[in-house]
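Starting off, we have a lone chain in the form predicted on its own, written out as structure tokens.
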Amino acid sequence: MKKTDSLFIFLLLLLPAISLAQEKDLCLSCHQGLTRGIVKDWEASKHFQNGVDCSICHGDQHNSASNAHLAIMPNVETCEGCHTDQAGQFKEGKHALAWIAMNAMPKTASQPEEIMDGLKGCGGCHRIGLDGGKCDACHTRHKFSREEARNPLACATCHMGFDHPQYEMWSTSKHGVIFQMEKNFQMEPSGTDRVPRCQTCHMIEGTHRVMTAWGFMGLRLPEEDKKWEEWRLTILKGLGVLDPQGNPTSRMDVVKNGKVARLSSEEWKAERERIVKVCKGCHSNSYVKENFDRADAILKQADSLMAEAITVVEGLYQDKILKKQADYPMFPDLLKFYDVPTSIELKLYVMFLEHRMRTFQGAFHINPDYMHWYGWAEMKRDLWEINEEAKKMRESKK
């Protein structure tokens, strides 16, 4: 082979690298001035080290300030090209369904655009399920750090506050306190810490399939304990998932599609066994069983209070002391949240979405104070106030 032929082949092989370098230089020439933080994060990432350039995630159509709208915003499908296993696991978990669940809720689906699509309220967290899934909800742009996503603080933005303060429960539990006292922020692979962090239990052995036995609502059907099932049915009627006769409504499809409850004992047991196995890595079989049994019992007691409160308000509708709303069943609608016509229903919604959640979630996160003072004690006070208000409304009606 002639020297000229060898040189020609070498240049042909070099062209893609030259083109890639030119493309990178084109992106950097603008973004180092416009969005220096993005460039800095990318240069510190594994993507940068492995030659993952802008076009691989954002496409090659955006090449000037005038066509910035042509840049593709990646989702789980984009990441799946390289991270096949993790993307597949993510699609099977609850995070991938977050946007479905949000749009399914009658109250959140009708919120102002700024809150939902503007991602300034509920949509800001539930975007993890938007467009099939957003990996950057945990692996933040443009560093996409695995170590960052392993830190419990990565969970704190979404899993806190009014209706699901799981991070706050964990961080002030004995598990969370030990974790912080040891300043164990050089993240080891999940499951190798002295105490569990969020990812240890909910992303077992690094799986991206996030799922729990009870689910967000803490509900399952069928229930072997008939008294408990009776309370559960009352709650499901209050949620509008069942009609006053106990028949499924259109919201049942939402529950199924969003997996916000467990609708078979097999499904529930499978998820419970996954997390029980984790606990047994540190604790004895009897200790683990005892603590799960007690937490289940707490949920049962919370359901008894919740069902009683729903029945009190339902009775006001049945007796026409409260005017029936056009879009209500006979039961009050808990999923109307804070847009309800009476103060007694507002109290009922807070009892369900704030205090019942804290009662059973505090029990499972081993946080005595959250379970009792922020949960159970508040539920007892809610029930007393609902009964007192109902009594006054009946007396006033007479």
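Nothing here was measured: the structure is a model prediction, and the numbers come from that model. Throughout, we count residues from 1 along the sequence that is shown.
What comes next is about the form predicted together with heme C (HEC), which does not appear here.
Quick one: does residue 157 come within 4.5 Å of heme C (HEC) in the model of the complex, counting heavy atoms only? Yes, residue 157 lies within 4.5 Å of heme C (HEC) in the model of the complex.
Contact flag, residue 251 vs heme C (HEC) in the model of the complex, heavy atom cut 4.5 Å: Answer no; every heavy atom of residue 251 is more than 4.5 Å from heme C (HEC) in the model of the complex.
Heavy atoms within 4.5 Å of heme C (HEC) in the model of the complex: does residue 55 have any? Residue 55 belongs to the contact set for heme C (HEC).
Is the gap between residue 263 and heme C (HEC) in the model of the complex 4.5 Å or less for some heavy atom pair? Contact check for residue 263: no, nothing within 4.5 Å of heme C (HEC) in the model of the complex.
Counting heavy atoms only and using a 4.5 Å cut-off, do 237, 316 and 375 all touch heme C (HEC) in the model of the complex? No residue of the spot touches heme C (HEC) in the model of the complex.
To test your reading of this chain, name the stretch in 227 to 235, 303 to 311, 159 to 167, 316 to 324 whose heavy atoms come within 4.5 Å of heme C (HEC) in the model of the complex. Among the candidates, contact is made by 159 to 167.
Heavy atom within 4.5 Å of heme C (HEC) in the model of the complex - the one residue of 118, 222, 206, 246 that qualifies: By the 4.5 Å heavy-atom cutoff, the listed residue in contact is 206.
Of these, 42, 331, 352, 370, which has a heavy atom no more than 4.5 Å from heme C (HEC) in the model of the complex? Looking at the other structure, the residue within range turns out to be 42.
Quick one: which residues from 194 to 215 get a non-hydrogen atom within 4.5 Å of heme C (HEC) in the model of the complex? Residues within 4.5 Å: 194, 195, 196, 197, 198, 199, 201, 202, 203, 206, 208, 210, 211, 212, 213, 214, 215.
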